[in-house]
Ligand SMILES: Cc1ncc(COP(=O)(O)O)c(C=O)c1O
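Before any questions on binding or motion, here is one chain by itself as structure tokens, the form predicted alone.
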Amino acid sequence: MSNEFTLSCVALFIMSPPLFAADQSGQRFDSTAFPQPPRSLDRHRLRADTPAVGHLVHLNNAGASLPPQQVTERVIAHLRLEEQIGGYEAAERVAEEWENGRKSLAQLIGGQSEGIAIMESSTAALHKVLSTVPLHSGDRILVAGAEYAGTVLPLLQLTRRMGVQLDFLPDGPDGTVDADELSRQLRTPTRMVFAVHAPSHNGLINDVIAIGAATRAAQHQPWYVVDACQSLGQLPIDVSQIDCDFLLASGRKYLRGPRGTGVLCVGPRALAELDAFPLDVRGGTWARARDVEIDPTAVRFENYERSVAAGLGLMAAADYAHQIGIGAIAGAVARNAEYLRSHLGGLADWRLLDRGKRRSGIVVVRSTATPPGEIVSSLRRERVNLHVVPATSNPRELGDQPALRISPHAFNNQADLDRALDLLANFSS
């Protein structure tokens, strides 16, 4: 983990008046215990760039965040350009900006621009990966137990269609993937390993670097896929340390890009050995009667038909994250989430579901008295956005009961959090 992240995590604990709270286990949260760092978050700028905060408390950033106005303006400007000169011509005019944006996205995750594919969503990226990696009957796939249903569903389909074997990795004591147990599991030939960095239905953070090290040490060299949908824009990511073959992420969540955007980072091994099936004319060329020429970069995974405006918005979101500082963002999100946990843990009729020694900005709770859908609807009428996590997101961990997810961002201030907590306290006995 970078020094910037460590310093910025403590930075945000001194941005507000001291906080003192204890959850039901007696664990105390005290903001005065953290020293003054050399750099802190410019929350005033964040809120000025997010007009909706003037009338809305948005705590559903794990679903879809509020984009900065710079992102929205960039999307609209390109749509206007298409209106004036045509879609193909507008795309040609912004070709250099597009490639610079690819570099910005690569820098955000510690990668190289030739390994970045701009996708329509993380799901589109996942499907491309699954159609590209050669799989056969009997191949074994390992997946983190906290993985989201969107990843598990097509894997379950592959067990039926192709006869692959899908096994879930056992959790360690804190709920995260146990890298030592993974190493033992990998003594059995394995084709693919899937690990979610920050699950969407609990607060844990998996050590994807340790998982990568265990996967790389395996004799049979499985393909390693990391789900960074909730961590892109929220946590520092360095694919050179993770050493994954594929990292996929959504643009609309903590990165604050437009809906309909995603990123696929393709590692050197995958670029050298895989062809990106099926190819589109964006990534390949029909050269002669029966010859195919494949783009040498991750562009081979892209589709020709895409929203250029949305893609430019995604790149503007990456630029914005660079300007604010991913370490500062991570610190602010962590502080906001822990503030919510410390107060919710002290309320009657509420149960925190979060796990892990290190926790993300995703806070998941259940009320023993009120269904989460009723709570969400009630708070939405008060202009506070939360989210219901359906049990089908991960029935292995959630059982058959939905939960309530509260996911703050760096632009949320203490007044936002207190407003939500005041309303949630009404559902306590």
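Small disclaimer: the values here were computed from a predicted structure and weren't measured. Residue positions are given as counts along the sequence shown, with the first one as 1.
What follows is about the form predicted in complex with the ligand, which we do not show.
Q) Can you say which of 87-95, 176-184, 154-162, 244-252 gets within 4.5 Å of the ligand in the predicted bound form, counting heavy atoms only? A) Result for this chain: 244-252.
Q.
Considering non-hydrogen atoms and a 4.5 Å limit, which listed residue (206, 122, 336, 215) is close to the ligand in the predicted bound form?
A. That would be 122.
Q) Does residue 198 make contact with the ligand in the predicted bound form, using a 4.5 Å heavy atom cut-off? A) The answer is yes: residue 198 has a heavy atom within 4.5 Å of the ligand.
Q.
Does any part of residue 225 reach within 4.5 Å of the ligand in the predicted bound form? Heavy atoms only, please.
A. Answer no; every heavy atom of residue 225 is more than 4.5 Å from the ligand in the predicted bound form.
Q | Partner proximity in the predicted bound form: residue 168 to the ligand, non-hydrogen atom cutoff 4.5 Å | A | Although the ligand is absent here, residue 168 would stay clear of it in the predicted bound form, with no heavy atoms inside 4.5 Å.
Q. Would residue 193 count as touching the ligand in the predicted bound form under a 4.5 Å heavy atom rule?
A. No, residue 193 stays farther than 4.5 Å from the ligand in the predicted bound form.
Q. Taking the ligand in the predicted bound form, which residues along 153-177 bring a heavy atom to within 4.5 Å of it?
A. None of them.
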